[in-house]
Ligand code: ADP
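So this first bit is one chain, no partners, the form predicted on its own, shown in structure tokens.
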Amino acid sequence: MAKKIKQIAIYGKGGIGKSTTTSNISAALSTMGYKVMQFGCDPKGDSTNTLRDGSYIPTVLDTLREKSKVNARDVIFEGFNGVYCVEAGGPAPGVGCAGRGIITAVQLFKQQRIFEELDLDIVIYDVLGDVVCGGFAVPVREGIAEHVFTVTSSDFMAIYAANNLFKGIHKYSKSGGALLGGVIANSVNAGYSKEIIDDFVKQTNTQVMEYVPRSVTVTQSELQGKTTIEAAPHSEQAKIYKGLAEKIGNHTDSKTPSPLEIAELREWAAKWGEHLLRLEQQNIPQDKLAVNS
């Protein structure tokens, strides 16, 4: 009997640090002995470059435009510590659906049974979370990914994008869609950031997988074209990513979240806004701003 490949999707709005987080998870899992593939689903094709010393790879859609038939192995490139890297890509600028790359790439890999051939343990789809488009919903809608995680900060638009993802998971959960593993809280340095995210997950019946602080180590590593796991393996930030990767590697119990309606979300956000304003007016330092101040 063939082993079951764990397929997960990591969503998040553009600029939230989703690809940085995903690449560090992939790198960390590879150091734990897992055979990992990272599947970039952003049309920009930039999910995997820190796994490959900053170099970009040909995308599935670009390759298909050049050739009528593509062997899946032609669009798989090896990265740090043997992580397999794939970029789905997107259509030519201004033409078609940006999610088409995901649909096309997933179909190609399924037809050629490439995951089984490579004997993978984990496939991680890195998916843009703030575009409402059929292609980007594929890992959730069709249950390609069994477990979904979302990267968010305490900023309203990041939480808004996460809540929208929860709506999609909730909608498709009854027809075999993916379920939510939890929230990865990114750029959590100020006290209030953690408390806002904690309150959001409580309101939506989910959980925080890890709190990841903003760190100059990540910036330094990416300027070298590397993940923190590769460039600074003994740093505090690497320890956090390794802890997160271990939790994701061992994760088995995903659930259906309880998304907020837009009016509820706005009301919730407004209360937090008023609370933070009151704290700020008391001249409390940013890093001390918290509900218990």
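Counting begins at 1, following the sequence as shown. Note that the coordinates shown come from a computational prediction; the quantities given were computed from them, not determined experimentally.
If you look for the form predicted together with the named molecule, you will not find it shown, but the lines that follow are about it.
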| query | finding |
| --- | --- |
| The named molecule in the predicted complex: contacted by all of Pro139, Ser173 and Ser254, heavy atom 4.5 Å | no |
| Contact assignment for the named molecule in the predicted complex, among Glu222, Glu210, Glu146, Asp198, heavy atom within 4.5 Å | Glu222 |
| Contact residue in the predicted complex, chosen from Ser193, Asn163, Asn186, Thr206 - any heavy atom within 4.5 Å of the named molecule | Asn186 |
| Contact test in the predicted complex: Ile16 vs the named molecule, heavy atoms, 4.5 Å | yes |
| Contact of Thr63 with the named molecule in the predicted complex (heavy atom, 4.5 Å) | no |
| Partner proximity in the predicted complex: Arg113 to the named molecule, non-hydrogen atom cutoff 4.5 Å | no |
| Any non-hydrogen atom of Asn81 within 4.5 angstroms of the named molecule in the predicted complex | no |
| Contacts with the named molecule in the predicted complex - residues in 234-248 whose heavy atoms fall within 4.5 Å | Gln237, Tyr241 |
